[in-house]
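Just the one chain here, the form predicted alone, laid out as structure tokens.
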């Protein structure tokens, strides 16, 4: 049960299966992922932003735009790994059907992990295109945000699959969103600089993966290279790999024991 993941190209078949199903509803899915973050961006950016001075040398809506890209990626990865993943694993028994083919459970979980990250990347990239069209991106360095978005998707897809492996019903996910996702959004620099928080809370925020994603993406959208880039990337990579491994262990215990 504690063995390291056995990666194989069969995971791509699982990824492709999910993609083909999603493709039938691609447009409403993309629009749905765009709606919520854009409401926050325009509502807070123009409404609250009109009352605020420049933040970090840019207007508040430009500051918020980078945080919106990261939070949208996190939410898309989380919803896919939680609600859609749980549906395929427990409700629809799709995973059981797939396992009748020459595909291992490791392949299924890997495919789900990669698919959730890919869908989250699409969501983050869509936000990036919109804010670029609106003039909130200052440099072509913003293209370097795309691999960061994918890495962020992997990190939160892994965390979501951990919760999915433990869940007994959809209601279980409310604990995850209430106790982890919502505080993380508020503490990670999405809506205001982390430096505004008390020192003890800043230390907690420094351990959150979303905060590291924001620290990478915001400078890139402003035309700057992030400070401590290697550290932020290391935290995201470590979160992605460890959470995926733990999710795989818990899923093996649930389905194979």
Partner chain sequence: MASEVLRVTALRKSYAGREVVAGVGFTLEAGECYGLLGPNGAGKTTILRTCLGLTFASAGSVTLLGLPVPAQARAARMRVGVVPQFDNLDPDFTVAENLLVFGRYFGLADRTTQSRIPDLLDFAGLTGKESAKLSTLSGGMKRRLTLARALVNDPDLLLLDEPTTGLDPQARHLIWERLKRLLAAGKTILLTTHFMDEAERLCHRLAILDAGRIIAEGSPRALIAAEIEPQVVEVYGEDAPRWAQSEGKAQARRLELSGETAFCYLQDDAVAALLSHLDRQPQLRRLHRPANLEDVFLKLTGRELRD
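Note that the structure is a prediction, hence the values are computed from the model and not measured. Positions refer to the first chain, counted from 1.
The next section is about a form of this same protein that is not shown, the form predicted together with the partner chain.
- Only one segment in the set 101-109, 157-165, 178-186, 124-132 has residues whose heavy atoms sit within 4.5 Å of the partner chain in the predicted bound form; it is 101-109.
- Looking at residue 21, you'd find a heavy atom of it within 4.5 angstroms of the partner chain in the predicted bound form.
- A residue is said to contact a partner when one of its heavy atoms sits within 4.5 Å of a partner heavy atom; residue 13 meets this definition for the partner chain in the predicted bound form.
- Among residues of the shown chain, residue 250 is not one whose heavy atoms approach the partner chain to within 4.5 Å in the predicted bound form.
- For residue 94, a non-hydrogen atom is located within 4.5 Å of the partner chain in the predicted bound form, even though that partner is not displayed.
- Residues of 226-257 placing a heavy atom within 4.5 Å of the partner chain in the predicted bound form, in sequence order: 255, 256, 257.
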